[in-house]
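As a starting point, one isolated chain is supplied in structure tokens, in the form predicted alone.
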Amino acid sequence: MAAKTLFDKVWDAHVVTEIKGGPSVLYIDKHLVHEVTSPQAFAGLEKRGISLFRLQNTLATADHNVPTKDQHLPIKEALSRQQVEKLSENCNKFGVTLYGLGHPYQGIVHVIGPELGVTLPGMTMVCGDSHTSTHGAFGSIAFGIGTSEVEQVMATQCLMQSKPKTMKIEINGKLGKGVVSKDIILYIISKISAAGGTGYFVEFAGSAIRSLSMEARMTICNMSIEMGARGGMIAPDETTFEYIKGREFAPKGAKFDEAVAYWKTLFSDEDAKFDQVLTYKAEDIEPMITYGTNPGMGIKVSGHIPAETEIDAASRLSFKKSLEYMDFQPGASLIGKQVNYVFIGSCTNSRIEDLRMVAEFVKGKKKAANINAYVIPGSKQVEKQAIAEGIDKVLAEAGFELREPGCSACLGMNEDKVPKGEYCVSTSNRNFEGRQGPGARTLLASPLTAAAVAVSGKIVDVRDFNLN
């Protein structure tokens, strides 16, 4: 048999039929639903008088529009309230399992899937959200879909998909002090640009990737979409199996052992051919921060914004427009730049390890007086665990505000917005114009760098602190 990549193995196992010269009909194992991209899909089913084809394969939660304070009270913003209420109404009508506000499993859709054992290796998973690629950390093919495709999956449990090309990105070596998984992915995107992965499904590999925890791997796969890729994935291993074992909806007993036996076959064969291979050294990666209005506009925090002459001619106009929006100058250092907002959360960095990382750093310290510091857990389960471990108290003593779960200030779709003209160091995944609110200026960074900025009141190199 011909050697196969991990992507090929999972893809081929899910092709129902192939259309000659066209797309494949791909079977979808799990469909995750939230309040923003589902109303029209449910309305389409109702109009056609049909139900969900495989109800048990669909799971819903409310995350984008939910407030992160006083979740027991009615939602203040009318549109947000309407969308969340419509999701509840639709799920009740169609019998879809919903983890809505107040449910102990509610949270960001890409946080609850893995923590509940819903996300498993070898699956195909979709959601009406681009950061569905998060679940690829388990060796699944996971990608975002549009609203019409949401309806298609509800109606048929299948999707028409053209097979993407494959790319392998290898990171080998040992990460330096203050460097975490968010820095890895920001470094890669800064090297290949926000469009460098267009048309590809990416497999992340190498010794530096294998050394990461599952939560760190999720951060990397989450942002694979930010290089233009269709999705990202990492081959499952003992770290994966140990993470899944015992989770609420994961296989149990003999079924778990059977599943592991299959999961162990999910790797790229040694002589498998990728359409493109990129290799980087872990030692070359430093704490990263973005300066522009797409995630590819990133630099080492110790470095400088590029000079205009360093930017290729085709990108100079957008580069200049971006710097105008951010009010930065070509060639400038960001070190010492005052910021007034720090946001730690989102489907990229809101898991318990992220909160532990921040709490460990800020313990015994205080946030700067000018800083508004929000820490938003990714789910009710993360919130509960943070409280059980005393993380809430450590954060409160340092002047940080631990709120309730939701997408929060990752995007300006709820009450948690960054004011116009203000800078926010954010652990989220996008720094587009107005992403965190009209006129807000976003600088993407790791939870560790964000914590250091909150304590300092300005952009700093976290390596200047004593790190364990």
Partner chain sequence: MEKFVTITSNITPLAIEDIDTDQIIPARFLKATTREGFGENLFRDWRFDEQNNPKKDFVLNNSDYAGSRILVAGKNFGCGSSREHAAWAITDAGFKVVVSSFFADIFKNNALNNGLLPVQVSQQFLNTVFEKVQADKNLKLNVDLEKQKIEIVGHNVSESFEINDYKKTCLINGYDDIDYLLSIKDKIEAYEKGSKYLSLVK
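Positions refer to the first chain, counted from 1. Computed from a predicted model, the values in this text were never measured in an experiment.
The same protein also exists as the form predicted in complex with its partner chain; that form is not shown, yet it is the one meant from here on.
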- Quick one: find which of 347-355, 275-283, 168-176, 154-162 has residues within 4.5 Å of its partner chain in the predicted complex by heavy atom distance. 154-162
- Task: With heavy atoms only and a cut-off of 4.5 Å, decide whether residue 130 touches its partner chain in the predicted complex.
- Result: yes
- Are any of the heavy atoms in residue 71 no more than 4.5 Å from a heavy atom of its partner chain in the predicted complex? no
- 4.5 Å heavy atom contact, residue 59 and its partner chain in the predicted complex: no
- Task: Could you confirm whether residue 258 comes within 4.5 Å of its partner chain in the predicted complex, counting heavy atoms only?
- Result: yes
- Query: Quick one: in the predicted complex, does every one of 99, 364 and 441 get a heavy atom within 4.5 Å of its partner chain?
  - Reply: no
- Task: At a 4.5 angstroms cut-off on non-hydrogen atoms, which residues of 223-241 are near its partner chain in the predicted complex? List them in order.
- Result: 225, 228, 230
